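Only one chain is included here, represented as structure tokens and corresponding to the form predicted alone.
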């Protein structure tokens, strides 16, 4: 088998040897096993599915958390003559239909999708008709609640694997602690012998931490970049506004730099990314929106102008440097100034106890089935969307609800050819069925809306058959189909629970997660201020104990232990005018006013209710964002109770 896989490597990819760990993972997959590859960033995880995909009989389905992760991988796969495609929201109906046809015919061997695509009823219907050999989960740490980037939608992947009878799974990640690796393996039934960790340490990355006051950062960075002015690099910041400011200041200092963040137009972002890849822009000043899926081998430096969100994020972001094996520098400009901002982001995600009760009250009122539209429920309960998804997953784990299916509440179509012509394509029962769909639809001037209940009254039919028929008519260019309002249907398994007790239990679980995230931030600070070898500490954090002595090339090994300046002192809250800062928001919130909501307003933390009420423009919003949330909350509580 080893010889066979090496021959395939030469035939398809033109390489003579595998990198560390690749052969082990690829042979496991080619021998019919599920496997996991925990390799450092840039160590060739993608090859672990790309090569087997050429030999497996059916489709290899790759699930990725971000669209950007797919594009570079797709370009590489196609350059090797392997038929691959992605389905994403940027495509036209015709493009998506063409790709689905290529998958059906077996012409396309690799299909890449975002995890959210599996929430799409039409896509799941399509997938149920296509044999899939291998499910690949990229950034697989997202499945673990204990990971740094937990995504509730990832928790459904094992269930989808069973639903679509996919015999094998392959999990890929660069940043997973021992606890997360065990969690991933358990959820996908992967035997320990098929989990490959290749070691985290990369000897060509020179890690350095510089303790520095915020006001001195830009001057220091300009000086540090001067000898590197011809090199490619990334400067990471926390906020979009900072990205713009720093890029402008670097450009004024004669450094070829541009900002990149999620607030920009997607075309502008694509153009800047392209310029960076081609070398016409040397330095990108970016929020973490940049870098996922960037496969540029000659990035010579990564600077963290602001603190990264976690050790895992730090590891992932520095992993984009030096992929060609050449020495590269990774610098952190560290102080404690935005520590409160980082912590406050965490506090903003925890739902209030009263908000959890809003959701549970709906479940109690249901008879058997509970239908929700997530955006609406998020707005009604005032729980951020990601936290709401997490809450629903917790309720599944506790056996209160069970997901049955999701569907688009509304299917609309526009006739592209006349009705008799469409019906002429079908005979006997099929023709009657299609006619019944048309006859039962409610028609406006151009668009008709499918009425499933009315159709069922005159022509009993399974919903999935109707969706399949509509998709077929859409693919054939007979109608243009539009779908709206994703509705999720749950079976209520337990409706007679104690509302107060369960609310408390769920709130405590969120509070535990909140404290875990806060600890993660403090662990990060301790790491940067440590007097122990940075490379060795980082490797051990990711269960790699192969670096048995200090690396000799990080800033600590050079005798430069970072002294992190303390945050600038803030005005004592007792001297702040509470009435002036909060009168507008308290009036706006009226009966919804609570200690937590007023505190979030003052710390600049958004909620669905704030978005609806447009509170950003109110006096007082984010005025106390530099203060710890817990301190602001205690102060607000004391003032409101007076």
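Residue numbers count along the first chain shown, from 1. Everything numeric here is computed off the predicted structure, so don't read it as measured data.
Another form exists, predicted together with ligand ADP; not displayed. Remarks below refer to it.
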> Between the options 59, 581, 589, 47, which residue brings a heavy atom to within 4.5 Å of ligand ADP in the predicted complex?
Replying inline: 47
>> Just to be sure I understand the contacts: of 64, 41, 594, 54, which is the one whose heavy atoms reach within 4.5 angstroms of ligand ADP in the predicted complex?
In response: 41
>> Check residue 627 for me: does it contact ligand ADP in the predicted complex (non-hydrogen atoms, 4.5 angstroms)?
In response: no
> Should residue 19 be classed as touching ligand ADP in the predicted complex when contacts are defined as heavy atoms within 4.5 Å?
Replying inline: yes
>> in the predicted complex, is there a heavy atom of ligand ADP that lies within 4.5 Å of any heavy atom of residue 76, even though the partner is absent here?
In response: yes
